[in-house]
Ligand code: NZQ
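Okay, here we've got a single chain as structure tokens, the form predicted on its own, with questions on binding and movement later.
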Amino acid sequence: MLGNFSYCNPTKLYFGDEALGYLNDELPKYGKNVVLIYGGGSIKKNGIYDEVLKLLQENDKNVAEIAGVMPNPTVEKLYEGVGIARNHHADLLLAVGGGSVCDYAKAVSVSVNCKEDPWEKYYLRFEEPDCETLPVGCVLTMVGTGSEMNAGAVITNHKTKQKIGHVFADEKIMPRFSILNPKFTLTLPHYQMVAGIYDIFNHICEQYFSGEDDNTSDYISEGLMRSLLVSSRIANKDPQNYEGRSNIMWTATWALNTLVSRGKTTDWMVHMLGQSVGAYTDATHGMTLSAVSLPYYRHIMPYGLKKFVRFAVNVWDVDSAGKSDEQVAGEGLAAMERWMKELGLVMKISELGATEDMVEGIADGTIIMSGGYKVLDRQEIVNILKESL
């Protein structure tokens, strides 16, 4: 491994079908005032809300709620949550839901005591908090983002057509604890399940497709990807398979808790393209990624050919005998495409509502990253988006 890095991840995880009970271990560590944060109400239908509320009451917590957090949390919703948390004098933000709810809780955490506009400070200027932040805990009900064990928070501004993620530098912004019960994911609709699976896979790819050295992180990434291929196929055929879903949940966490990024420059252009598409369409995050991935990877493949060959052989079991590097790498991406279609992922941004007249605006909203094998110019972005239509 080349370069220098530090690694710290303070999030405590509780995993398994009895994990929720560990809230009784965590809640006494925080003050009386808790803000319960959740999404559109599915946790009320499946009973998770009642279980969590009962534990909060048994621990004598004074509870306020922020309900209705949408899949792509908006800046207006952020302002609303900040107001609720301030008025409640919150001691803990407890997110119960998927990655968007966890992201949102972290955005509220850094904004409650911020004297400036958090959108301007954190999402346009990418500054770090210079104020006291609130502790966050997560009860995960949907997997994909890895938000339960990282310091990232994505917020959407529909007025400016921007969807921006900020990965905060300070590990105190990571959740203090996260509860991962795979059973909580079993009621998820198939579309959301497979979107989350691809989000996991692409998180690994974004870190894997960078660097030229022999890096231990790449070996870990290949193992995670191979595990996900097995468990995704099991879950796709039988969404109620607990073992398959538990492996997906565990892989999601390790895909984006910063472990496999160590010693890597990382890419993240698929996310930048997908998030800009999402700002225009409000589409499911994982599907925006799947729709732009193959055109992007085919475009950059010649610049990172050795890694794409390794990807084909070590992840997709492509036989390289008697073939050129270009053939092997191409077969790897073809195998990836077959798997994506097998899961039922969206393969075109037009299926998400994107139109040709949006392409220029989506390109303008795409942040250009420099850590991958090719730094794109604007025309390349436009071409990739057109190929994705």
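Residues carry their position along the shown sequence, with the first being 1. From a predicted model like this one, the values you see are computed outputs, not experimental measurements.
A second form of this protein, the form predicted in complex with 5,6-dihydroxy-NADP, is not displayed here; the remarks below concern that form.
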5,6-dihydroxy-NADP in the predicted bound form reached by all of Thr251, Ala255 and Lys307, non-hydrogen atom within 4.5 Å: no
Option from 225 to 233, 111 to 119, 75 to 83, 98 to 106 whose residues, in the predicted bound form, bring a heavy atom within 4.5 Å of 5,6-dihydroxy-NADP: 98 to 106
In the predicted bound form, the residue from Ser276, Ser147, Ser290, Gln207 that sits within 4.5 Å of 5,6-dihydroxy-NADP by heavy atoms: Ser147
One residue of Pro71, Gly244, Pro129, Pro295 in contact with 5,6-dihydroxy-NADP, assessed in the predicted bound form (non-hydrogen atom, 4.5 angstroms): Pro71
Partner proximity in the predicted bound form: Asn59 to 5,6-dihydroxy-NADP, non-hydrogen atom cutoff 4.5 Å: no
4.5 angstroms heavy atom contact with 5,6-dihydroxy-NADP in the predicted bound form for Gly31: no
Residue contact check: Ser350 to 5,6-dihydroxy-NADP in the predicted bound form, 4.5 Å heavy atom: no
Contact test in the predicted bound form: Gly332 vs 5,6-dihydroxy-NADP, heavy atoms, 4.5 Å: no
Any residue of 157 to 190 that, in the predicted bound form, places a heavy atom within 4.5 Å of 5,6-dihydroxy-NADP: Lys163, Phe184, Thr185, Thr187, Leu188, Pro189
